[in-house]
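Consider the single chain below, provided in structure tokens and representing the form predicted on its own.
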């Protein structure tokens, strides 16, 4: 059964970004549970910034699952990427992601690689960037396998990366890797920009999708834009998707209203 999740950002530098809840982990876990979400997806500044025991207690207290953990602060705060020209930076990026994998994997959740994939340019060819990316993903995918969790790779829109932008291109790329433990995070906002047909791209993905960012056309919460989510939900059911659809959306008009619109839309299309 497809499960619902809502994002909680714990990164002060990301203020203004597309996360529904912010900062107060105990209070926001309570709100997520009260609204009926199945889980929470968190974005930490680093693993040291999250009290693991407290978080486990919160999940247990509110009967929530841990949907996924983001690595975006590696790029935003620490300027790390898997395709940096500097080998020391690439190595630090790998170690940062491993720390996220360790934290999340021990609690049964996958880690997400989005912005930390980087991009080519400024003297780095696309071929070289992809070679570095492949090396990193192969190592990290195998590392995540010890926890029996996939590594989630997110194709971003053309304004955020020039590596892989569509689900189809990403599927073909992942099929070239040695590691098979990497799944796609299908973000509906990015897909709305890049795909000719969102539900068709999902249908063509086979079993490669492991997580979905459930938002509307304008990156507001589902229900606050013009995206037709019905064929998308049908396509996800058609491919046998049974993981999380998670709200990575702007907290507009405020966090509570964004969360309420999300869970209402989730129940409409997935329940």
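Note that the structure is predicted; figures quoted are calculated from it, not measured. Numbering follows the first chain given and starts at 1.
The same protein also has a form predicted together with L-Erythrulose (LER), omitted here; what follows describes it.
**Prompt:** Between the options 62, 219, 45, 208, which residue brings a heavy atom to within 4.5 Å of L-Erythrulose (LER) in the predicted bound form?
**Reply:** Partner contact (heavy atom, 4.5 Å) among the options: 219.
**Message:** Which residue, 150, 136, 74, 114, is the contact with L-Erythrulose (LER) in the predicted bound form, using a 4.5 Å heavy atom cutoff?
**Reply:** Among 150, 136, 74, 114, a heavy atom within 4.5 Å of L-Erythrulose (LER) in the predicted bound form occurs only for 114.
**Asked** Is there a heavy atom of residue 213 lying 4.5 Å or less from a heavy atom of L-Erythrulose (LER) in the predicted bound form?
**Response** It does: once L-Erythrulose (LER) is placed as it appears in the predicted bound form, residue 213 has a heavy atom within 4.5 Å of it.
**Message:** Within 4.5 Å, heavy atoms only: does residue 160 come near L-Erythrulose (LER) in the predicted bound form?
**Reply:** Residue 160: contacts L-Erythrulose (LER) in the predicted bound form.
**Prompt:** Is there any non-hydrogen atom of residue 156 lying within 4.5 Å of L-Erythrulose (LER) in the predicted bound form?
**Reply:** Close contact exists here: in the predicted bound form, residue 156 approaches L-Erythrulose (LER) to within 4.5 Å, heavy atoms only.
**Message:** Please identify, from 95-103, 194-202, 162-170, 114-122, the stretch that has a heavy atom within 4.5 Å of L-Erythrulose (LER) in the predicted bound form.
**Reply:** Within 4.5 Å of the partner lies stretch 114-122.
**Asked** Quick one: which residues from 233-252 get a non-hydrogen atom within 4.5 Å of L-Erythrulose (LER) in the predicted bound form?
**Response** Residue within 4.5 Å: 248, and no other.
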